[in-house]
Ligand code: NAI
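The chain that follows stands alone, in the form predicted on its own, written as structure tokens.
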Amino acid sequence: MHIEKLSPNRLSSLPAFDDHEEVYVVSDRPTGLKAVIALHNTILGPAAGGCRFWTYANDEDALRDALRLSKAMSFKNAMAGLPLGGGKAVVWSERPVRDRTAFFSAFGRAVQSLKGRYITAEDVGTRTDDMIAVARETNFVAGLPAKAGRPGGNPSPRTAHGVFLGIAAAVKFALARTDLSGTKVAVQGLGSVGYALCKELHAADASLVVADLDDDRVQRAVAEFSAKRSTPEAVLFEDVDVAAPCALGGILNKETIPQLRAKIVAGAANNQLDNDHDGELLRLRGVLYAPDYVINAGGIIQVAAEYLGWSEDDVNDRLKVIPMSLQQIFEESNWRHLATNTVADTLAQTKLNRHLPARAAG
């Protein structure tokens, strides 16, 4: 296995670089593993964030994704009040993965080499079995099968529940509704998070429009939740109250924002804004945006609880912070006439800055 730590000069030349502390590029010829592990900020604790398994057009795209996602994890963990810094890993292979266990065991060795500076877990494209393989090589991993009375396993349902609570907060703020009955929600992406979100929304008597690249998932949602079918390209532009992106990021930009008919954008996807200015475009259109790293923090809250030995009650208490934080962001955005993502970034950076003197003194 080859692990290269990128030099400060190389890092600073990257468009997505934002004072990242350490970035490692990994390759393992026997398994075909390629990976980027990005540690953005460890002021609050060891860098924590999931491992994304995806197909990238080139190595630079993978590096950019890791840099953006790891920064978001710093802000996410800070806003959730977790004693963890921000990190992220992306893994891919240029050939078919024949032995998934060996592939993720190799990734586990890479994690172990960082000696606890990075804690990994599930993310898009990975599952509990993969984390079990990682755990063969390192203890710096969460998302393992739950032990009796303790959090663990797939964190997706917790992510979905946090998004559900966030949608309810946004609907109350923007539409003055005290419940979700009759609220129309368009969900893009029916993976483990999107499906779990639809289940909760349906139970709350919301009306669903759904789309996914996998037609079997769409058929399941139509059958189980009486959802209306749409397409991945069109679903966010349906005539609904809430657009919930739950697939990949970068879908809110100067081309797509003018097509929105929803009054609220609140979903689970990371990095929904193509760039920071797109938050202001949403504000000027009168669309309330729930910053992604605030609303989708439920998964990392469970990961933290599993890794740090917290209880289920601890998880549930911290999930309640999500709608409270969003309410604060919405109110401040309203009276300061600032985009919600700008307000959230400022709040998160302030939380990080409070720890700088103590860190320097240590």
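Heads up: residue numbers just count along the shown sequence, starting at 1. Quick caveat, the model's predicted, so the values are computed rather than measured.
Keep in mind that the form predicted together with the named molecule is missing from the display, and what follows is about it.
Student: Are any of the heavy atoms in residue 112 no more than 4.5 Å from a heavy atom of the named molecule in the model of the complex?
Tutor: No, residue 112 is distant from the partner.
Student: Do residue 97 and the named molecule share at least one heavy atom pair within 4.5 Å in the model of the complex?
Tutor: Although the named molecule is absent here, residue 97 would stay clear of it in the model of the complex, with no heavy atoms inside 4.5 Å.
Student: State yes or no: in the model of the complex, is some non-hydrogen atom of residue 279 no more than 4.5 angstroms from a non-hydrogen atom of the named molecule?
Tutor: No - in the model of the complex, heavy atoms of residue 279 and the named molecule never come within 4.5 Å of each other.
Student: Would you please decide whether residue 248 lies within 4.5 angstroms of the named molecule in the model of the complex, comparing each non-hydrogen atom pair?
Tutor: Flag for residue 248 set to yes.
Student: Quick one: find which of 102 to 110, 265 to 273, 170 to 178, 199 to 207 has residues within 4.5 Å of the named molecule in the model of the complex by heavy atom distance.
Tutor: The contacting stretch here is 265 to 273.
Student: Name the single residue among 41, 325, 333, 296 that comes within 4.5 Å of the named molecule in the model of the complex, judging by heavy atoms.
Tutor: Exactly one residue meets the criterion: 296.
Student: Of 90, 80, 72, 190, which one comes within 4.5 Å of the named molecule in the model of the complex, counting heavy atoms only?
Tutor: Contact check passes for 190.
Student: Within 4.5 Å of the named molecule in the model of the complex - does that hold for a heavy atom of every one of 45, 161 and 165?
Tutor: Spot residues vs the named molecule: no contact at all.
Student: Quick one: name the residues from 203 to 226 with any non-hydrogen atom within 4.5 angstroms of the named molecule in the model of the complex.
Tutor: 211, 212, 213, 214, 217, in sequence order.
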